[in-house]
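Below you will find one chain, with nothing else, as structure tokens; this is the form predicted on its own, and questions on how it binds or moves follow later.
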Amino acid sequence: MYDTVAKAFQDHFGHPHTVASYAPGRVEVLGNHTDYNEGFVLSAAINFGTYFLASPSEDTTCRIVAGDLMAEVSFDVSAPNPVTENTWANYVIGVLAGLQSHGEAQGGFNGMFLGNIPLGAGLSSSAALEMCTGLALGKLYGIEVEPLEMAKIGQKAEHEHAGVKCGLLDQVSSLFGQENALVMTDFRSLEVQTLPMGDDAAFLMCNTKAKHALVDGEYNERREHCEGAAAYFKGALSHPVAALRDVSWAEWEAHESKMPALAARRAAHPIGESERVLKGRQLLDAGDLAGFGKLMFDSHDSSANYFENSCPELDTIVNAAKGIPGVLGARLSGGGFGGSVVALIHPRDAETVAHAINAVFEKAHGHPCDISVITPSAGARIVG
């Protein structure tokens, strides 16, 4: 893929690139919608990602090319404002705007990106694009930014340029991934740790091809209900509550009937998820993959029943997985409303499990799902 985008850059701009970066997508293993509730998440950078190549331009014009579409968007470096057409460019434009708050971007640039993360699969192609953009343009302009600050620049780009009030999970996972390890993030302290996985664990990415569009308000609606529920608990509990992370499952059960029904149901999911992540870490430390997998099934049930961010295609896979030998756990990954299921398996079972899942899925929905083996991989980096 690097050679492909390097040649395309040369052909399109008439000169070679001077800087190149790569950022992976991510799979969320446990901890759904806990990041903006200041909770805990287990995730992994994956072996699918995006390259961003750039060079200085001769004036103040910035030209961005999507390498798969060969579509171009241009703007002046002094005006990194959102665009209403070719809106994929807003992720790049928003990151440039964020970098400019840390240093001066002198002159324009020519840039091209190309990735192999399936779009709409819930594997965060947007965060990968933001992080490789940030690394490449940061090097091009000599603007140095610490990793956590770079993650925040990507998040701000989503908020202000793409219109999605995302948390920091996707960007942190893309930046801090390591080979054969999970990333555990505390989204209050922003402490990031890596947890090695044993040799007998692997993941299947099952892309349903059901497309989600988080900018349609579903994501933002759920976040608003979580914030409203946190405000309720702040007034109802005797201890300090800054976010749903501070509320236990027992406290939720005691107050469920006193809250607005929808807010209570939405809040149940991130409250339960943070507790599952902490328990999951203990099980991983003990080498109990079966116990960890059960938490993944529990997580999906919570998504479907409380947060209602699943869909029939995702439920088909998870329900089938519960009866397929060799599957230890499965759940939706990412924002939901479509996208992918991540399944925990033993590597030796990958082929037979994939065949069994696809047989059930195709019978139910009339087409196969794309299934790939996921390898926890290294995080974003400069590559040239």
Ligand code: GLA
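None of the values given here were measured: they were computed from a predicted structure. The first residue of the sequence shown is number 1, and the count goes up from there.
Same protein, other form: the form predicted together with the ligand, not shown, and the subject of what follows.
Contact between residue 168 and the ligand in the predicted complex is found at the 4.5 Å heavy atom cutoff. Under a 4.5 angstroms non-hydrogen atom cutoff, the ligand in the predicted complex lacks residue 141 among its neighbouring residues.
Contact between residue 32 and the ligand in the predicted complex is found at the 4.5 Å heavy atom cutoff. By the criterion of a heavy atom within 4.5 Å, residue 36 is counted among the residues contacting the ligand in the predicted complex. Contact annotation: the ligand lies within 4.5 Å of heavy atoms from the stretch 159-167 in the predicted complex, the single such stretch among 248-256, 104-112, 75-83, 159-167.
Exactly one listed residue, out of 233, 297, 219, 306, brings a non-hydrogen atom to within 4.5 Å of the ligand in the predicted complex: 219. Using a 4.5 Å cut-off on any heavy atom, the residues of 326-352 that reach the ligand in the predicted complex are, in sequence order, 334, 335.
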